[in-house]
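A lone chain, given as C-alpha cells: the form predicted alone.
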Amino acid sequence: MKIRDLFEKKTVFSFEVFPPKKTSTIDVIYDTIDELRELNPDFISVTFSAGGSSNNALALDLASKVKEYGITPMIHLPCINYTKDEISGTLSEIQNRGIENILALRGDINPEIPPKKDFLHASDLIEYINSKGEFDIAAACYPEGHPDAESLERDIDNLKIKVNAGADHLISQLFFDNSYFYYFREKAVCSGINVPIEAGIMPVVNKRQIERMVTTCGASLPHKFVKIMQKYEHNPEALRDAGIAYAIDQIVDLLAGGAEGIHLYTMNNPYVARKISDAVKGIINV
C-alpha cells in the first residue's frame, strides 16, 4: 500500500525503528517489530545508514520483515554518500522486495566521508526516484528550521522544491513545543505546500537521550519540559513515565489541532510505544 492513500481516509499513526547495533542480534529487533505490530500502526519506517555500511542490508531485511508481518513498511534512503548507480541498484532491490514507500533524505554529512556529487539535495533524489518507478515518496521537514538553513522561511522555500520534485507527504523532525509545529504548518500552507504533514514525536525517557537530541537536531526545550526533566533526572523510572506523559500531552494537543498524522520515534522501545498508543487510540480518528 502506498502511504499517501492513507491520508485520504484517516489520521495516520506510524512508528519508526532502526536496525540493531552490531552488539545486538537481529532477533532483538524482530521481537520489537512483533510487539509493535500488535499496536496496529499504519506503517513502520526503517532507518538507513548514510555511510554505506552493512547496516543498509539490515535495514532492507528489516523493512522486508515488517512487510511479512502484514504492516506497510517505509525505507529511509539518504543520498549524499551515494552515486546514481548505487541509488539505482538500491531502488531495484527495494522494488524487488515489494516495498513501495521511501523516505527520501539528503542524509547527514560525515566529515570523515567525502560526499558524492550526484545528489547534493533531497530534491535531487526525489526527482530521480520518480524517474525510476512508481514509489510513494515522503520527505523530511523541520518545524524549527533545518540546522543548516539561514532561516525558517528559506528552509520552507527548499521544502517546496522537494514537494514540487514529487514528495507525496512530509514527516517532521522531532519537536517538544507544539507552537513551532503550528507556526511551521501555517507558513508551509501559505507558501503553497499542500501535501499531508505528519508530526514527529519522540518520547524522551532518559537524560542522555535529551542531550543527544538537542545536540543533533537543535530542538528547543520548553520551560515545562526542562522542569520535568530536572525533577526526575535521577529517577530513571519516573523520568521514563514523565517523558511518556509529556509525549501523550503533545499528541492529544496535535490531534485536537488538526494534525494529519503522528509519527512516533519509538527508539526500538515497544513498552513506550504501547503506553502512548493505548493512551491515544480512542482519539486518533475522532
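One rule holds for the numbers: they count along the sequence shown, beginning at 1. Just so it is clear, the model here is predicted, and its values are computed rather than measured.
The next section is about a form of this same protein that is not shown, the form predicted together with a small molecule.
Interface membership of residue 142, defined by any non-hydrogen atom within 4.5 Å of the small molecule in the predicted complex, is confirmed. A residue is said to contact a partner when one of its heavy atoms sits within 4.5 Å of a partner heavy atom; residue 13 fails this definition for the small molecule in the predicted complex, lying far away. Residue contact with the small molecule in the predicted complex: residue 155 places a heavy atom within 4.5 Å of it.
When the small molecule is considered in the predicted complex, residue 185 lies well away from it, no heavy atom lying within 4.5 Å. The candidate stretches are 83 to 91, 185 to 193, 205 to 213, 105 to 113, and the one lying within 4.5 Å of the small molecule in the predicted complex by heavy atoms is 105 to 113. Among the residues 171, 201, 167, 129, the one placing a heavy atom within 4.5 Å of the small molecule in the predicted complex is 171.
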